[in-house]
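Next up: a single chain in structure tokens, the form predicted on its own.
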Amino acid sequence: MTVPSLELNDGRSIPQLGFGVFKVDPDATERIVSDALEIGYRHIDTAAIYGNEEGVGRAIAASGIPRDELFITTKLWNADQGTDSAHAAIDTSLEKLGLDHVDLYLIHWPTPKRDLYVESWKALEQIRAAGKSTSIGVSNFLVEHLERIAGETDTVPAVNQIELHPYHQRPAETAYGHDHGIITEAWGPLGQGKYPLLELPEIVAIADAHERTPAQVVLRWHIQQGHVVFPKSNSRERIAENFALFDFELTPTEQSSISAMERGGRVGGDPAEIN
């Protein structure tokens, strides 16, 4: 099964479906990522703060998959923001991953009270110029943070990775991204199990109509919305199930019924408050 790619604003492309390793036990990461790669995933999303970059790297090395067939993302943690520390952080991440570059490097949170995200973004521009990351982007940025980067630097982020699921669809951030060529990546695409999304009658009815699981239906909604999405699971069966999204399609009515669930229901941290 071929995963479609989306074109980034720097001319590169990104697989629309990836595999996330947030809260994946470092001791189990190599096995779980190896499962994902064997199933067919080629896009892996990790972060320095996850503590499992080494396991991701071991899985990549053991896979035998050519490097140019993989898309690897990691992230600059809050405590490492700033010019010198950002350069040191990417070197540490690359060493743990066993790679000479990542495909995408993100500022993990804007941490506005620390007021280092513009300086850090300029460091990411230098990191890209040095060939240590092919593309650069941000995570958890609000429109005000994106506008400030646009006004004070020379590079538009390739992506903005944000909490996004049917109860919290982020219309301001997704509209800004659409207007400025910034791809939206959805973390927590199934609501992290913090509300009964997969038991809602509307979701269950659509799943029954397509003979699919509720999780597949929600992930397919993301795909048709144009998001990049990377569900996570420790179960090989579920990892495979989450990969099977490209041989069915939701109708416009089904898409609309899921989009109508918006209620501002954030389940993660507030980007304006995390510092």
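Bear in mind that the values here come from a model prediction, so they are computed numbers and not experimental data. In this text, residue numbers run from 1 along the sequence as written.
The same protein also has a form predicted together with nicotinamide-adenine-dinucleotide, omitted here; what follows describes it.
Stretch in contact in the model of the complex with nicotinamide-adenine-dinucleotide, which is absent here, among 151-159, 136-144, 87-95, 119-127 (heavy atoms within 4.5 Å) = This holds for exactly one stretch, 136-144.
Residue 37 within 4.5 Å of nicotinamide-adenine-dinucleotide in the model of the complex, heavy atoms | Output for residue 37 is no: heavy atoms all beyond 4.5 Å of nicotinamide-adenine-dinucleotide.
In the model of the complex, does residue 233 have a heavy atom within 4.5 Å of nicotinamide-adenine-dinucleotide?
-> Within the cut-off, so yes.
Evaluate residue 29 for contact with nicotinamide-adenine-dinucleotide in the model of the complex, applying a 4.5 angstroms cut-off between non-hydrogen atoms, and reply yes or no.
-> Because no heavy atom of residue 29 falls inside 4.5 Å of nicotinamide-adenine-dinucleotide in the model of the complex, the answer is no.
Flag residue 71 as yes or no: does it have a non-hydrogen atom within 4.5 angstroms of any non-hydrogen atom of nicotinamide-adenine-dinucleotide in the model of the complex?
-> No, no contact at 4.5 Å.
In the model of the complex, does each residue in the set 42, 176 and 227 place a non-hydrogen atom within 4.5 angstroms of nicotinamide-adenine-dinucleotide?
-> Checking in the model of the complex: none of 42, 176 and 227 is within 4.5 Å of nicotinamide-adenine-dinucleotide.
Of 232-262, which residues get within 4.5 Å of nicotinamide-adenine-dinucleotide in the model of the complex if you count heavy atoms?
-> Residues within 4.5 Å: 232, 233, 238, 241, 242.
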